Structure formats: structure tokens, C-alpha cells
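Read the single chain below, which is given as C-alpha cells and is the form predicted on its own.
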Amino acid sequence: MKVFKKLTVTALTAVIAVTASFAGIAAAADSLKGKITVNGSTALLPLTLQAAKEFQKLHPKVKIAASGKGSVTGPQAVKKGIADIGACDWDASIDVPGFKAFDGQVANKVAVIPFATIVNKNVGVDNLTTEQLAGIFSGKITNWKDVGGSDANIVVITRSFGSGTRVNYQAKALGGGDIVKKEKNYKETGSSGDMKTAVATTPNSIGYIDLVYVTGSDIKAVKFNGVAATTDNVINGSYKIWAYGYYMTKGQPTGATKEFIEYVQSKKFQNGSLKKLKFIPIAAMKG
């Protein structure tokens, strides 16, 4: 009986010790506090908002405010000191066509972003080549009948200068070709959400957007050089319109900002919520 009591006391002590240990870990996790401001890319915004929701649930003392006005505004906000993280669809720590490097900023890779060419539901074209797209966005091709569609003027909808989606689309879908502003049948939008709305509500229109926004029946993604815009095709190398997404920071991130970025980069988030949103884990790509 004494042996049983001794074992019971020992077991109870062990349970208390383990419980205290877990309580200590939870307390340590909850001790993380601070405010994180994220500005920039609207392509990355759905990912940022989802990650913020999950991270704040784990760390209630951390508050995250996220907004999107285009990629270039991310590193600009970090430079001005009004944002801790600048979400950007290119590595803003180095020069890219049209934009100088933001000195002193660190590019933290967080996702692979697939982009798609989209058209209004009334457009009867389901595939466009690099040459055809370059012709459409430069204004050399103005009628859908010239690319296999019906006899109707093409309405070009593009993103404003400073958009990371625009930077990547020009480089990878248009082969580096220009997007030429026109007096008619042309419109610029300031965000991915506005792009989706504009194409969905404008007959005979064409635009481009990241895959997470391709939902509903009013728009459709067309194939690029015969290849569908899917995450699998990005991973296998057959679909070429994609880019890495970055969280830019002023120097190496610290504190709650560092912990948040590491959460977004974690296997749990990359293989969970990130994939559900039609982004691709950075580990899935070879380069």
C-alpha cells in the first residue's frame, strides 16, 4: 500500500511538473507583444491577412495592421519608418527594371506567387501566346478576332505603375514588352481587387492578377502558350508567369516582426493556409 501511495505521489508530481512546463511555454509565447504594420503588395495581402489572423490568435498581445496599395509602396513605407514590413512582389534590395534598390533593406522570401491572364466571361478565347499578349498590351492588336475571338474591340485593363504584379507580368508574360497607355479601351487599376472587379464588369476586357483572386464566374484565366495557370504547372516548370513574394524590412527583423515572418515561413503555414490560398510554398521551387 505504501509503495502504491509512493508511486501515486510520484506520478502526480510528474504530471504537475509537465503541466507547469507547458504552462511556462504558453506564458512565454503569450509574453510576445508589439505592433506590426505591413504595407505594400495587394497580391500578397490575402496571405498577410490570413497569417496575421493566425499569429494574433497565438500571440494576443501582438497587433498587426495590414494594407495594400501596390508593391512599391511597401519598401517606400519601410524607408519612411511608417511600416515594419513592406510586402513586395520583387526583391526590392536590388535593382529591377524601372526601380532602384532600397538600400539597407533585407528581402525575406515568404511565398511563390502565380499570376494569371484573365478575361471577362464573354470573351471566347482560352489561350494566348507571349507574342499575342505583347501585341494586345502594346496596342498593336486591338480586336479579339485577330487572336481567335469574336469581332469586338479589346479593352485593356492594367495595374498602375509601381505594381509588383505589373512588373512581373511585363517581364514574364509580355517578354519584357511595354504596356502602352491608350486614349480609349484602356484602364488602370490600383489593386488586385480593383483589377478583378474591372475585368468582371467590363465586357471584352483583359487583365492580369495573382491566382488567389481568380474566383467566381465573371472572369476566367486563359492559358499561356498552351499551359494552364495552376500551382502544379508552376512547380513542374511548364507555367512561367510567377514570382517570389518578399517581406522587406529595415535591416534584419527583430522582436515580434521577426517572429511573424518566421511564422509565415514555417512549414505549418506554408503547407497549410498558404497552399489553400493558391500560393506555393517557397520550398517547392528549386530556384
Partner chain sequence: MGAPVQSLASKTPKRAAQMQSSVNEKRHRRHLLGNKLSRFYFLFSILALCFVLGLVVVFIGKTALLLFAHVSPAEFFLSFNWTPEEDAFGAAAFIVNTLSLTALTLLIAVPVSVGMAVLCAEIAPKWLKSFIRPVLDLLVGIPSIVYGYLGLTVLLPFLRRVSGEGLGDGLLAAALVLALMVLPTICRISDDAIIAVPRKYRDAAYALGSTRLQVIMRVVLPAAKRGIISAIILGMTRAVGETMAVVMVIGNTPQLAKTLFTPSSVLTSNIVMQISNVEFDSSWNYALHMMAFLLLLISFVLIFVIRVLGRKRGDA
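These numbers come from a predicted model, not from an experiment. Positions refer to the first chain, counted from 1.
Below, we refer to the form predicted together with the partner chain, which is not included among the displayed structures.
*Asks:* Is it true that K80, K181 and N185 each have at least one non-hydrogen atom within 4.5 Å of the partner chain in the predicted bound form?
*Replies:* Yes, each of K80, K181 and N185 comes within 4.5 Å of the partner chain in the predicted bound form.
*Asks:* Does V155 make contact with the partner chain in the predicted bound form, using a 4.5 Å heavy atom cut-off?
*Replies:* Taking the distances in the predicted bound form, the answer for V155 is yes, it comes within 4.5 Å of the partner chain.
*Asks:* Give a yes/no on whether T189 approaches the partner chain to within 4.5 Å in the predicted bound form, heavy atoms considered.
*Replies:* Heavy-atom contact with the partner chain at 4.5 Å: present for T189.
*Asks:* Is G162 part of the interface with the partner chain in the predicted bound form - any heavy atom within 4.5 Å?
*Replies:* Heavy-atom contact with the partner chain at 4.5 Å: present for G162.
*Asks:* Evaluate T73 for contact with the partner chain in the predicted bound form, applying a 4.5 angstroms cut-off between non-hydrogen atoms, and reply yes or no.
*Replies:* Yes, T73 sits close enough to the partner chain in the predicted bound form that at least one of its heavy atoms falls within 4.5 Å.
*Asks:* Among the candidate stretches 216-224, 64-72, 44-52, 235-243, which one is within 4.5 Å of the partner chain in the predicted bound form when only heavy atoms are counted?
*Replies:* Going by heavy atoms within 4.5 Å, the stretch is 64-72.
*Asks:* Of the residues T197, T130, N127, S138, which one places a heavy atom within 4.5 Å of the partner chain in the predicted bound form?
*Replies:* Exactly one residue meets the criterion: T197.
*Asks:* So which of G148, P203, G175, G104 reaches within 4.5 angstroms of the partner chain in the predicted bound form, heavy atom to heavy atom?
*Replies:* Looking at the other structure, the residue within range turns out to be P203.
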